[in-house]
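So this first bit is one chain, no partners, the form predicted alone, shown in structure tokens.
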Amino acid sequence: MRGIVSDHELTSPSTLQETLALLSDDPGEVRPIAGGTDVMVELAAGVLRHRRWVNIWQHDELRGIGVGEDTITVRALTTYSEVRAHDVLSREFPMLGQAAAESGAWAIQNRGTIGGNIVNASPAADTPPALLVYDAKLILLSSRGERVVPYRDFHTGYKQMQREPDELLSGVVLPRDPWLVGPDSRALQRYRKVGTRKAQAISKVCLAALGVVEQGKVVVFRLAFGSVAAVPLACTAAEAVAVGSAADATLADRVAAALTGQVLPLDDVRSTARYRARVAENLAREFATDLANGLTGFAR
């Protein structure tokens, strides 16, 4: 059953202040829409239940990529195509660029936004694992002001977030630590998406990982998955086990064992829970083994 467009109301304020006021006047009743790539899928399927929408696509304040000395700010309306084309992002945060490149076809990449990928809150979204590994922070904006939330704290349950009903996600802040990102980085970075096809597929399992070894010990280890839990998952248990330990042949076993209890996938139309759990373990083992073997740089 297809949705009926006339059942929904769309308002397009000319200023961001008007949009924030509208969200504040009826918190939770009015929802933002930008690229609409997920909303239109739900409308076509007849499952779009929310009725009132506010268009934010025209707000230039929510566009652009700002490069600072210590951080890069990716505004919420930045498209996947713009992420891919940005020289500094591509060089310093390659996992984010790779995630953007694997998010649907060109039409989706030209319209879909980083902000939308986050607040749609799908556990299978492509950019969240990379953002978790890069220790991103989110800027939330309302008529009451602005606040910053660590991305690792943002998703609290399936489709549940630390975003108040009157708030907009206005941007993502990435720390530019040359020790971890950029041409001087000593880290191993990896992004892997496993799907039914090589392109235009929702992930069965998605991994982003970053690690640094110094003098035979793991000093940085970050591991995140998509499609293996109710939320985009930062594997804190595996990270705790790895950091400070020897970068030896046992690292992969220790990391894999720590995934138990955090990697809790479901059966659905795309895959089985058993398959997802096994693939997640294999990807984590592969990364840990390569890290222990001294590999650095970015690899898919």
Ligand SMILES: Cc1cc2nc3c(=O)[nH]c(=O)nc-3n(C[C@H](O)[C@H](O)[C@H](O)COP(=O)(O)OP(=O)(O)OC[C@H]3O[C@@H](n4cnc5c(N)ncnc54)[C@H](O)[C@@H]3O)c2cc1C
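Here the structure is a predicted model, which means the values were calculated and not measured. Numbers follow the displayed sequence, beginning with 1.
Below, we turn to the form predicted together with the ligand, even though it does not appear here.
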| request: Would you please decide whether residue 43 lies within 4.5 angstroms of the ligand in the model of the complex, comparing each non-hydrogen atom pair? | output: no
| query | Hey, in the model of the complex, is residue 113 touching the ligand, heavy atoms inside 4.5 Å? | reply | yes
| query | Taking the shortest heavy atom distance, is residue 172 within 4.5 Å of the ligand in the model of the complex? | reply | no
| query | Can residue 163 be called a contact residue for the ligand in the model of the complex at 4.5 Å between heavy atoms? | reply | yes
| query | Ok, 229, 149, 220, 108: which has a heavy atom sitting within 4.5 Å of the ligand in the model of the complex? | reply | 108
| note | The listed residue (210, 168, 72, 181) that reaches within 4.5 Å of the ligand in the model of the complex by any heavy atom is 168
| task | Spell it out for me: taking the ligand in the model of the complex, does every residue among 94, 205 and 279 have a heavy atom no farther than 4.5 Å from it? | result | no
| query | Just one of 237-245, 34-42, 264-272, 251-259 has heavy atoms within 4.5 Å of the ligand in the model of the complex; which? | reply | 34-42
| query | What are the residues of 53-82, in order along the chain, with a heavy atom within 4.5 Å of the ligand in the model of the complex? | reply | 53, 56, 76, 80
